[in-house]
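In structure tokens, one chain follows: the form predicted alone.
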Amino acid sequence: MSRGPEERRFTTLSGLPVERVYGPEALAPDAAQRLGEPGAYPFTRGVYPTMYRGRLWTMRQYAGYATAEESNRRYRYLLDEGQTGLSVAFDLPTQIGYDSDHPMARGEVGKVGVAIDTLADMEILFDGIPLDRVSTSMTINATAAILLAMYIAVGKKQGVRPEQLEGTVQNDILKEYIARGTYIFPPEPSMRLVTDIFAYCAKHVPKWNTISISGYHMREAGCTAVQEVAFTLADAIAYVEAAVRAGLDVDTFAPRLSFFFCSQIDFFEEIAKFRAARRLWARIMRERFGAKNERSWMLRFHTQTAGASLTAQQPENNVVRTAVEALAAVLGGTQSLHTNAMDEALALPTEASARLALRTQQIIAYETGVTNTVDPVGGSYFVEHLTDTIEAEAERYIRRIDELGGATRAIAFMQREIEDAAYRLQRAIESGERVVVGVNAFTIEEEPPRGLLRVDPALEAAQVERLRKVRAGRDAAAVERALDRLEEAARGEDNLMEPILEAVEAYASVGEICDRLRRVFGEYEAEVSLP
């Protein structure tokens, strides 16, 4: 005898139980206090009083591939199509501190992002793009200080002062150890680089968001919504503690902290997740760290729709998935948003698919009416219950991480939790318990995909040749002096941003700068646990 719909267990994507219906009894006794008002502590309903009635989120499509020239053309195209902020994807060698002519870079130059070797590449990347009128996010971590220094140097060449620059550098090295792997140095010197950026920008680049603490990559690796909130905020706690230990006052740097979350396909769970994260962070900053500045309590975040939800099968279905995920991010109160293109499970997006992804945001913003009122889902019995549940479960995880000595010492614990969650989800998909349209249900025979974007292999040779010319034409003695000064600073306690900026402006390469730091800091080797 088959079971009726009431007999099976309903859960969110993350496994949280879902009841048949929710009523007033689902709300906490202090629900009104937990909700608060938009723009006021605890910020459950949003960080600004008027939210999108006053200003829409930044439409910031993540882009970058091949050479600086190719990526510059894509940025100009997206800006012409109505994008309101830039988001730079760097290739793998740039992310892990190798120049394009290094043996480790062979075959990877320009494949998953733009190749940046020296300031010359950065100048081309932003050619014709006024840095005093555009906000730029850079997804870079281990080499974040170097790419930020290059951005500052490009601004100077354009006549834009550092204090005018606006944007974000991801600069979140802990999640690299936990889930992503593009690290270079061990945790302690890596944390020093993070806090050096905090201190330098507080003094010289005050409008810059000095870190984007990322749950996105952990979610893409398979963690649950609860784990994404907990592990992201645990990492954030570690950064705040490191900065305070380095002598920084919490209210001098905390207002420029920002966050980066995934928006997965479970619509209401994602909305609740964003609301819970905001409320929990506000309490952590006010009660745990004693922050007095209201802006230090605000969790401002960028969202990207879930790459892991995209399917190579029936890729047109990804348009629908992305639209649902983007709407959840907006209803959850995001400050900026990237919508994935439908072909990203197969290749880098074409111009047409990138435009359609941007149009998805624009339709939500200008046609649906969801921006007309603040927190339109606030007060939903289901959403409020989910918000409370995610907050409480995330708090339990944070307490456990505290018991283990904090995020830097709980890396292995978080890795195991993510692996277990990913395994459970994959088992549910393979068994058919969790339906993925076009993959394990409603499948069709398909022709091989056509018209995908392919990076021309000849572009790698062109990039290597440009690097050779830069090295031949620069002042070699000035480069050597700058690198010597950087190495000396690394052996001491000086802030590393100034010598890095000096090296960058002398046209030292990313690889040369990282090699000097490797001499002093060494390289991180992940522990491998065998079964």
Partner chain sequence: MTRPIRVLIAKAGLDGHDRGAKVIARALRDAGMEVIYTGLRQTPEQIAEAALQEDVDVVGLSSLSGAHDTLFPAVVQALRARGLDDVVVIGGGIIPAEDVPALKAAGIAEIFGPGTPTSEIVEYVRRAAAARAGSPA
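Residue numbers count along the first chain shown, from 1. For clarity, every value in this text was computed on a predicted model and none was experimentally measured.
Just so it is clear, the following notes concern the form predicted together with the partner chain, a form of the same protein that is not shown.
Though the partner chain is absent from this view, in the model of the complex it lies within 4.5 Å of a heavy atom of just one residue from Q158, T373, N293, Q426, which is Q426. Only one of V437, M104, A323, I363 comes within 4.5 Å of the partner chain in the model of the complex through a heavy atom, and that residue is M104. Of the candidate stretches 283-291, 226-234, 381-389, 179-187, only 179-187 contains residues with a heavy atom within 4.5 Å of the partner chain in the model of the complex. Although the partner is absent here, E430 is a contact residue: one of its heavy atoms lies within 4.5 angstroms of the partner chain in the model of the complex.
Using a 4.5 Å cutoff between non-hydrogen atoms, Q313 counts as a contact of the partner chain in the model of the complex. Interface membership of E108, defined by any non-hydrogen atom within 4.5 Å of the partner chain in the model of the complex, is confirmed. In the model of the complex, at least one heavy atom of E419 sits within 4.5 Å of a heavy atom of the partner chain. Annotated contacts: E241, A243 and A490 are all free of the partner chain in the model of the complex [non-hydrogen atom within 4.5 angstroms].
In the model of the complex, E344, A345, L346, A347 are the residues of 331-353 with at least one heavy atom within 4.5 Å of the partner chain, listed from first to last.
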